[in-house]
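The chain that follows stands alone, in the form predicted on its own, written as structure tokens.
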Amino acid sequence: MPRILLTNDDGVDAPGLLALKQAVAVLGEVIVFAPDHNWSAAGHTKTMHKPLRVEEVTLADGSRALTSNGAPSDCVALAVLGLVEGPIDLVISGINYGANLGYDITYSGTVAGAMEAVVNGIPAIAVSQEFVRDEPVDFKVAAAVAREVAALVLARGLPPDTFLNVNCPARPARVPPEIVVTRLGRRVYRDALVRRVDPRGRPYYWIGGDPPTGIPEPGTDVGAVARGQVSITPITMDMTHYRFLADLRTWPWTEHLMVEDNA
């Protein structure tokens, strides 16, 4: 019976995590180990400057879960390092409240949970749900998609150093939604610096701005979600730019760098 570890970056009480747990429970033994608060945009964090604490909590459906003051990647690491006994066959991170498309994967705590699994040699999936401002979010479709993707990964496996980044549209073009395999697209960020002053007259700052958009090119995750399709993108941890390697080797590098001693 497969053992599936679930985490997220919205916190252990997030409705997306509960929907994911209930959907994949039919596939095997499910262990939930998630942060005790929101870690959105935390990236691939590794907590080394403070102690990590772990507690057992009860989810809304009455089932038990583990929670930590660490990031999603910390939760996966703690589980793998021994706080969860026995082997882990698959890690699923999500369902995130908000899409993780294109360059988002470098910021995403959800994606970081999947990355940490891959670092430890475990197949992984990151699942995210697009939302539309001022509209309710329903995780049912994303949960069903996650269950199907998880079943296929358990049956077929993934290449080494690879995880799947799954994004579900807020408004599917059809139900059940069409699933397409994509490459990463290009996000367009509209960040703005918000300057304020505290009661003592000291400045402080927020990074604000409008939500990101994207360039909906055909074949990309951004384009697929914009068309109401589910996007599945295989991500490799090897970020080497192989096509540029040969060109880079032709640059006029000196055989030895000479450092002038001005002492």
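This is a predicted model, so every value here is computed, not measured. Quick note: we count residues from 1 along the sequence shown, nothing fancier.
Keep in mind that the form predicted in complex with a further copy of the same chain is not shown, yet the notes after this line are about it.
Undergrad: State the residue from Ile235, Leu59, Ala226, Val30 whose non-hydrogen atoms include one within 4.5 Å of a further copy of the same chain in the predicted bound form.
TA: In short, Ile235.
Undergrad: Does a further copy of the same chain come within 4.5 Å of any heavy atom of Thr182 in the predicted bound form?
TA: Heavy-atom contact with a further copy of the same chain at 4.5 Å: present for Thr182.
Undergrad: In the predicted bound form, does Cys168 come within 4.5 Å of a further copy of the same chain, counting heavy atoms only?
TA: Looking in the predicted bound form, residue contacts with a further copy of the same chain do not include Cys168, since no heavy atom lies within 4.5 Å.
Undergrad: Examine Gly43 and determine whether its closest non-hydrogen atom to a further copy of the same chain in the predicted bound form is within 4.5 angstroms.
TA: Gly43: contacts a further copy of the same chain in the predicted bound form.
Undergrad: Taking the shortest heavy atom distance, is Leu83 within 4.5 Å of a further copy of the same chain in the predicted bound form?
TA: Within the cut-off, so yes.
Undergrad: Need the contact residues for 148-177: heavy atom within 4.5 Å of a further copy of the same chain in the predicted bound form, sequence order, or none if there are none.
TA: Residues within 4.5 Å: Glu148, Val149, Leu152, Val153, Arg156, Gly157, Leu158, Pro159, Asp161, Thr162, Leu164, Val175, Pro176, Pro177.
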